[in-house]
Ligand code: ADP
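To begin, one chain is listed below as structure tokens, in the form predicted on its own.
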Amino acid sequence: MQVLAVTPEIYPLIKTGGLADVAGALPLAMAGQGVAMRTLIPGYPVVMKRLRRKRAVHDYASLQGGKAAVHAVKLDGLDLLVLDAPHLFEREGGPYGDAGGADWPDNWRRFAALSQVGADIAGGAVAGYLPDLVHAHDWQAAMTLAYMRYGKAPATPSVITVHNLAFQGQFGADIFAGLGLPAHAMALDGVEYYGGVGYLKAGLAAAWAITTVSPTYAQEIRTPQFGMGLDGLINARADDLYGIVNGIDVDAWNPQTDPHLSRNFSAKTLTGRRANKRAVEQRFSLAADDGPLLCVVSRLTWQKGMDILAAALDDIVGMGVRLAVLGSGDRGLEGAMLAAAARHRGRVGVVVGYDEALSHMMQGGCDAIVIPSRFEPCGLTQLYGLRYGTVPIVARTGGLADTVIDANEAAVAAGVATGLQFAPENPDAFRVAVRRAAELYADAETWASLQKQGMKSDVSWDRSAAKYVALYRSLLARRGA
């Protein structure tokens, strides 16, 4: 089965969040399921630097205002098609905005171009390659399905995966003329969205199937609370909606072989985590003691519940826990974390930014990872935590609810608990969860049971990849019916 994936980022080439991890891991998992997945990505500078041997498989004299080419390349086990369009992607900053964090004003054009190329490839633009199905990720790739629908490959089955419905790609109606779509596409059942153009909305309307990255999130987005204005459309497409929980790359995230750890370990050698804990304490200038060490590896945003953490921070430090924070985001929340570190020297440490190697060390050395998200489509850090024996303390929402078994009295007695859940998402409930964690940590046998049970969890892509393949096959059967 030949599948074309279209995504704005992919690990290990370009990453801002979990989308990149999924886009990078899924093709590798699919290979074992009889699916050959090629992935179309933008030619950002960091990507183009890796292309030592470029082979253009398609050229554009003019694509959204400039010359462009599509290069076929294999990197890090991935079969890639790279859109080389310097006028759109060769610029300093991040994939979506400048160094100051402001969105590029031409993002509508940049990702329309990516989507146009995706639809062209779906229609046979690359000689010798015609995908059986197209799988688009998030709003930046969603218009691929609209371009396919309105002429380039209407009979090719398609899937869109929503990694976070909060990011929708909404633009003014004035951009429509630059999209190259027929006039009738600017309609309620097309790309029109509240008087403007909605990229994600267009993809949701055009896709043969819609997936989200956890079963609970698939149900949550059907409600006004989580539907972000799209719940009406999603409910209308309910028969085509699937929740498939993410997995992780269990080779890259393996505590027995991870090169970023001071000491490797397994569920049978948990004492090996002590050396990693000491390394985390040193990196974050934390006092060394035998109490629980919590960590945060996250964007520092309202969605991730970082204001909830900030509001409860003084109290949880008073419970005898320490906290290591790695992340960046809202300036106010960055400031709140740094201020807490100043108030609680040796008890709270903060590194603003992102460091892949350090995130591995934190998973390998901290006792628990805190994820107080207000909504979380899937979440990956709790899966890394389970894999490394770092007990997740999570809000009961989305994929967090699907992947962590709460350490209530019955679950602990049965030996099946893997973490702690709390609800509602507010500082009071979070404080209770941390206090519960501290009490469980004081019982070394019970805490070790939580760790070992978490490490038994199947967080690989195997089951999820099989579900995607089953979905793909059902869509191909529908095409042939």
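Numbers for residues come from their place in the sequence shown, where the first is 1. Fair warning: this is a prediction, and the values are worked out from it, not measured in the lab.
There is another form of this protein, the form predicted in complex with the ligand, and it is not shown here; the text below is about that form.
- In the model of the complex, at least one heavy atom of K304 sits within 4.5 Å of a heavy atom of the ligand.
- The ligand is not drawn, but in the model of the complex it has no heavy atom within 4.5 Å of F176.
- Remark: E192 does not count among the residues lining the ligand in the model of the complex, judged by a heavy atom distance of 4.5 Å or less.
- Put simply, L326 is close to the ligand in the model of the complex: some heavy atom of it is within 4.5 Å.
- Comparing 315-323, 131-139, 292-300, 203-211 against the ligand in the model of the complex, the single stretch with non-hydrogen atoms within 4.5 angstroms of it is 292-300.
- Proximity to the ligand in the model of the complex, taken as a non-hydrogen atom within 4.5 angstroms, holds for one residue of Q170, S359, Q219, S262, which is S359.
- Note on contacts: among G101, G151, G77, G353, the single residue with a heavy atom within 4.5 Å of the ligand in the model of the complex is G353.
- In sequence order, E376, G379, L380, T381, Y384 are the residues of 369-395 having a heavy atom within 4.5 Å of the ligand in the model of the complex; the partner itself is omitted from this view.
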